[in-house]
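The chain below stands alone, shown as structure tokens; this is the form predicted on its own.
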């Protein structure tokens, strides 16, 4: 027999107390401050901000601490808190052309206008454990400035645009309505603005796997990293009482422009096409994966046959959200006694009927 455990409230209270004690760990160890997470685990904080869809490093760090380092749970906490906040308006579109760059690279040209800016990166490090980091209080021998570069850097895509070798960027009309994924459910086929919103707050691991699949033949992408930028941009807002834009502050963003081969169609000549990724903070892998998937989702628009999962809007957009996926998977841990009992009765009945049929067949 399957019976419900009595005294559930007390058990849950004890589970919460045990969770708090486990989260704290050994009391002899100094407690971790959220400022330490903000300053030293920046990539984890930035990922939680992106998937939590809320730009606030302090709150993201608090969510990481509360979730014991479970980044998906932390994004869930941040997303839930976000729903309690009042919305007073929408910011102006950020101008990434004016990004004050910390890092900017291109894999398509060796020498690019403005130069390659390597910035802070793991790309050229040996993947060996650095045991010196286990010693508290260690610092780099020579401090390096991380101040963003002033002045605009030209777009890599502009070099190809001059020769007509890449699809042009055609900006939308200034008053064109923009979808809002947080207020309206997705309708299919989804426009690109909604798709990009979905991907920007999607699970990095899921998008990484999909992006990888497109490179292995499931989406016919042959991509080049046209440009990857990490830096800071100004965020502006136009209050109704003023009628002009005021600067609210700066946000750190990672932007990726992927360049993809395109053999052309009846309407378009052979040329390179684009995939785009833009995410909060320093999140290169997420931005690159997002750009790969964005290009794959443009298959119908470019006259390509949809044959791969990464090209299927419904598959990608419905399954990329880590918070929704977590809720649906982890709800299986909750009581399903009634459902299982009904299934149990059904299977037992079917086995009896099957046994009777077999017995009759044997006779």
Partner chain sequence: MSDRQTKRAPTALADRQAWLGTLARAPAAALAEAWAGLNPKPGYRCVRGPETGLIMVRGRAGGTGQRFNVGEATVTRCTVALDDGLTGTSYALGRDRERALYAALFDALLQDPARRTVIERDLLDPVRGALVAKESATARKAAATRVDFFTVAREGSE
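Values in this document were obtained by computation on a predicted structure and should not be read as measured data. Residue numbers count along the first chain shown, from 1.
FYI, the form predicted in complex with its partner chain isn't displayed, but the following is about it.
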query: Heavy atom contact within 4.5 Å of its partner chain in the model of the complex, the stretch among 252 to 260, 126 to 134, 203 to 211, 217 to 225; finding: 252 to 260
query: Its partner chain contact in the model of the complex: residue 116, any heavy atom under 4.5 Å; finding: yes
query: Close approach of residue 72 to its partner chain in the model of the complex, 4.5 Å, heavy atom; finding: no
query: 4.5 Å heavy atom contact, residue 53 to its partner chain in the model of the complex; finding: yes
query: Touches its partner chain in the model of the complex: residue 76 (any heavy atom, 4.5 Å); finding: no
query: Contact test, all of 92, 100 and 155, partner its partner chain in the model of the complex, heavy atom 4.5 Å; finding: yes
query: Selected contact from 239, 189, 270, 164, since only one has a non-hydrogen atom within 4.5 angstroms of its partner chain in the model of the complex; finding: 239
query: Contacts with its partner chain in the model of the complex, stretch 276 to 311 (heavy atom within 4.5 Å); finding: 276, 278, 280, 290
